[in-house]
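Given as structure tokens, the chain that follows is alone and in the form predicted on its own.
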């Protein structure tokens, strides 16, 4: 009898510890920092945080749906490199394997043509497909669950208006047990609140609009918030930065040194709307795509609402990021110093024509390296990715070419180390093997 009691006691303790662990992993919600007082949307009288901005209210249904689809940044994830918009098949390399995005065009065989409105609503709110299987949370339904029904219906109507494109996407490449979709039902039960946005009456209408844009539509945390061991967002480190699909998404909290606390409202708005702010760098990689396909289409009022919301995020430091260097380097090439002679030689041959030795370009402001967070990141992850893949800002008429095919891993590591040492606050110490791993992840 005594032994049985011990077994029962051990089991109870194990269950208790498991419950505490799961409760800790679940953590606070994305808006927990804002307080606990919310009101139903129908009872909120201070403004209209959901839907399209007031100036677009008279627009037809498809125009409103297009705006919301752009605000939700659907195109970036559902458009493969070099492919037509929304046809799916873009790979996302995760620690558990590769996932491919869905064809969102209304093709009946390979897209959403056979989905009805209710099924689309369930997918965005609950992460469940029409056949009852669960979606992987690489599709951010834990954020989209906050979208009000009317906005989801508008997005559905817009996607249905697209030309259907027959485009089968590759099967996901996941090993056991991650290929078991039923496990995503357990994940969803833990981490998807399945609740629509509710305004905070103690906050301004502009803040509430910004919260809806950032948390529900724009799902900023999916890139900028680190994840826990179960790959859910760790809201205790909300917007403090994370490595996403091989790129660093940087700290966007109000922390001055490693976040955006030292930026002015005007600089932050300019960066969101255009992908560039003087002395702060240029958006590239996934952030560049987010600007081109989503943020640049927002009205000035919505951009300002985003700025207002970002200004309210509690400051969190990123210890691995030093304060950004602001003084220019010498206008003369000088000695190789950190980064070595190989890095200096690669920079002189491939980079110095657009990126002056001082770090400040008078020919093209986006080519200035001074103040750019990527250059002041000692991991040099984004510097390597930009060198490998280049970038082409929309509407600029010029771009940075990709050098991945022209230079070896050793050469790219050397030039990344040189650039961060010469123009940043602390130089990187990348190896060729680390560059090879970044190639494989992107």
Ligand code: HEC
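Residue numbers count along the first chain shown, from 1. Being a predicted model, the structure only gives us computed values, none of them experimental.
What comes next is about the form predicted in complex with ligand HEC, which does not appear here.
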Only one of 278, 198, 354, 84 gets a heavy atom within 4.5 Å of ligand HEC in the predicted bound form. Which one?
354
With the partner omitted here, the residue among 165, 154, 135, 143 that in the predicted bound form has a heavy atom within 4.5 Å of ligand HEC is 135
For residue 350, is any heavy atom within 4.5 Å of ligand HEC in the predicted bound form, or not?
yes
Any non-hydrogen atom of residue 102 within 4.5 angstroms of ligand HEC in the predicted bound form
yes
Ligand HEC contact at residue 406 in the predicted bound form, heavy atom, 4.5 Å:
no
Residue-level contact is defined here as any heavy atom of the residue lying within 4.5 Å of ligand HEC in the predicted bound form; does residue 88 satisfy this criterion?
no
Within 4.5 Å of ligand HEC in the predicted bound form, all of 172, 284 and 373 (non-hydrogen atom)
yes
Here the chain appears without its partner; judged in the predicted bound form, the stretch of 198 to 206, 248 to 256, 312 to 320, 185 to 193 with heavy atoms within 4.5 Å of ligand HEC is 248 to 256
Residues within 4.5 Å of ligand HEC in the predicted bound form, restricted to 64 to 88 and counted by heavy atom:
72, 73, 74, 77, 78
